[in-house]
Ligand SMILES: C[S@@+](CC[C@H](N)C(=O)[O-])C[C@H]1O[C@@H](n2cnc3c(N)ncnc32)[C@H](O)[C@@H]1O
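Quick setup: one chain, the form predicted on its own, written in structure tokens, and binding and motion questions come after.
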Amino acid sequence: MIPWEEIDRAKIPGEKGDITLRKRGTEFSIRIAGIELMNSRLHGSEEALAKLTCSRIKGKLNLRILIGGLGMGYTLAAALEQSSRDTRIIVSELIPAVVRWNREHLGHLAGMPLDDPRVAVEEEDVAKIIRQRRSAWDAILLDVDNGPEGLTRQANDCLYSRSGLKTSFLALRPRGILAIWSSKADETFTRRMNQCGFQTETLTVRARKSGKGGKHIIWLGEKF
């Protein structure tokens, strides 16, 4: 078996520990504290996050989409594929190294989505961007820290709290969508979304595009 090679290592802003980029043959892996956050072989659910969201906002003009978490660029690439020329997408990525890795090592995996003129990247906490404006977004897509049950960063919990969900609700335009990726289901969180004003749909998707692999959860909350 081909051994893993560490390509780079970086500090996580405001946190202890490092994030690492590893490669084995044509396969890439991003890990924190030895735990794999993402792998280039398993991106079907990340693409589904964008495709399911965009299918619900198609037909609108001048769409404005906020993506929290760049990852390996698969969610962004899928959103671009589903979007028209007048769409504008902001990607919020807290860790500068992840942005750099996408430009230097990972971009080819998803078709170089950061090169698309419809895209702008902000190296900022997505929670801060959401708080900045009301009625600004047609969709907010969150693929941050494994979902509501955080894995790496306690500060991310505020996104999924009652106050965080209400802030996202206010940041959306009418009929806007809050889409959230998670590694597992959480009925309490579904109820919380509904209590914060969203009409919520919970979908199960597979990790692989082939329909195989582990099961992940996507919440789609529509603002009425």
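Residue indices: 1-based, along the sequence shown. Owing to the predicted nature of the structure, the values given are computational and were not obtained by experimental measurement.
The discussion below concerns the form predicted in complex with this ligand, not included here.
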* **Joint contact, 138, 176 and 196 to this ligand in the predicted complex, by non-hydrogen atom at 4.5 Å** => no
* Using a 4.5 Å heavy atom cut-off, which stretch among 185-193, 56-64, 35-43, 164-172 contacts this ligand in the predicted complex? -> 35-43
* is_contact(residue 83, this ligand) in the predicted complex, heavy atom dist at most 4.5 Å -> no
* To do: With heavy atoms only and a cut-off of 4.5 Å, decide whether residue 180 touches this ligand in the predicted complex.
  => no
* Asked: Would residue 73 sit within 4.5 Å of this ligand in the predicted complex, counting heavy atoms only?
  -> yes
* To do: Flag residue 119 as yes or no: does it have a non-hydrogen atom within 4.5 angstroms of any non-hydrogen atom of this ligand in the predicted complex?
  => no
* Taking this ligand as it sits in the predicted complex, which residues of 79-102 have a non-hydrogen atom within 4.5 Å of it? Please list them. => 92, 93, 94, 95, 98
